[in-house]
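Just one chain follows, in the form predicted on its own, and it is written as structure tokens.
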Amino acid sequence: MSSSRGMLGYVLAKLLHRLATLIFIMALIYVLMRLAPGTPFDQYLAMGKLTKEQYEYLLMKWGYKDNILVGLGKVIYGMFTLSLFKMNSPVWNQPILELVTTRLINTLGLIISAYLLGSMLGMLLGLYTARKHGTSSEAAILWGALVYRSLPVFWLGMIFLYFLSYIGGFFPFTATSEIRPSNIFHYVVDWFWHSILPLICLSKLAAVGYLFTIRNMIMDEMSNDYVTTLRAVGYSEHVILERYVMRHIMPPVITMMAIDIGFLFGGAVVTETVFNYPGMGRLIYDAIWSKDYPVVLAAFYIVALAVIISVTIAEIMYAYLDPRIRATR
């Protein structure tokens, strides 16, 4: 009973902390947007397409002249009532919910695919390099991974586009297809074919991280006394690795899996911009440059909420697997 109460208290404390974090993030984004000069209607006023009265009316309508405290109150209210998604975009003249939903589906497809590709490749290479410790193959993989990790995503994306798409013609130059798919199989194949280069660029964030993390944790675990005892008893290296070592390193890996979602969302902004991929990252980039406050706030709200939920779930799972975690917090 005491263990259940301790777990419940731990979960409630985490949820309250994450709620405060979400409010702080949204408030910070709103303040930063308000400090940035300009509005979406300035160019229309300069070109004479709006009168001064119409310009002032649009500023009042969309909240660009609100006091910062009043604006913060509206943002926090919109978080809990979801009214952030019930208005139209002043730039795209489209319902924000419709605009964000379409882009979110594209980004989730890209992120999930990149995560699965990168994590599986990184784990396999991590296991392989741990088993081949001290060999030339381990050194080659580690050096190659370090070089690959040092390449900026935007630079790597432009190199891929220039040599593999523009010069070689091996892959599509655009991230979206102009042909309407006839069935779901055609859609999946067509989407994967047009998204292969963004997938490769984005998956490197997870692949290299898992490679070094899994390898280092296995190497540390293999030097423990219980592994020496298992070897003395007669267990093979394969059994020791799969039945004992992997079980001990799984809690940190679970936490890492959730945290990586945040990195992938951050990397998606750059990747989608380079490849002109119609996802949340590209939407945030365009909305920031066009000073579209409602779209920026709605998009960041979804991204921040997804990252916070995933990290919270990982921490709760970690505390459930290891009671020492919740006992010290």
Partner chain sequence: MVNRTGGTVAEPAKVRGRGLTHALSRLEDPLYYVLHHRMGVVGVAILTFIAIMAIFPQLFTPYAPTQIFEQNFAPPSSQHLCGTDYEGKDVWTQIIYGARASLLVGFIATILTIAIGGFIGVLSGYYGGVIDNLLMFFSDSLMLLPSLLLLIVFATMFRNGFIVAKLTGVGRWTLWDTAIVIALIAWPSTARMVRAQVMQLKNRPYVEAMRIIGAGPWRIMFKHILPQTTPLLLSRITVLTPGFMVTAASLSFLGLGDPNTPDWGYVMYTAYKNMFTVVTENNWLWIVLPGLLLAITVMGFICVGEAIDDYLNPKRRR
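Numbering follows the first chain given and starts at 1. Here the structure is a predicted model, which means the values were calculated and not measured.
Keep in mind that the form predicted together with its partner chain is missing from the display, and what follows is about it.
Chemist: Quick one: from F185, Y77, W193, F163, grab the residue that has a heavy atom within 4.5 Å of its partner chain in the predicted bound form.
Modeler: By the 4.5 Å heavy-atom cutoff, the listed residue in contact is F163.
Chemist: Identify, from the list A46, L32, M60, V70, the residue with a heavy atom within 4.5 Å of its partner chain in the predicted bound form.
Modeler: Here the answer is residue option L32.
Chemist: Report yes if any heavy atom of A314 sits within 4.5 Å of a heavy atom of its partner chain in the predicted bound form; otherwise report no.
Modeler: Judged by the heavy-atom cut-off of 4.5 Å, A314 is well away from its partner chain in the predicted bound form.
Chemist: Does at least one non-hydrogen atom of A20 fall within 4.5 angstroms of its partner chain in the predicted bound form?
Modeler: Close contact exists here: in the predicted bound form, A20 approaches its partner chain to within 4.5 Å, heavy atoms only.
Chemist: Since only the chain is shown here, I'm wondering whether S236 would be in contact with its partner chain in the predicted bound form (any heavy atom pair within 4.5 Å).
Modeler: Answer no; every heavy atom of S236 is more than 4.5 Å from its partner chain in the predicted bound form.
Chemist: Answer with yes or no whether Y55 is in contact with its partner chain in the predicted bound form, where contact means some heavy atom within 4.5 Å.
Modeler: Because no heavy atom of Y55 falls inside 4.5 Å of its partner chain in the predicted bound form, the answer is no.
Chemist: Does the trio Y10, Y128 and M250 actually contact its partner chain in the predicted bound form, every residue with a heavy atom within 4.5 Å?
Modeler: Per the other structure, none of Y10, Y128 and M250 touch its partner chain.
Chemist: Pick the stretch from 85-93, 120-128, 209-217, 228-236 whose residues have a heavy atom within 4.5 Å of its partner chain in the predicted bound form.
Modeler: Heavy atoms within 4.5 Å of its partner chain in the predicted bound form occur in 209-217.
Chemist: Which residues in 134-156 have a heavy atom within 4.5 Å of its partner chain in the predicted bound form?
Modeler: Residues within 4.5 Å: W143, L146, V147, R149, S150, L151, P152, F154, W155.
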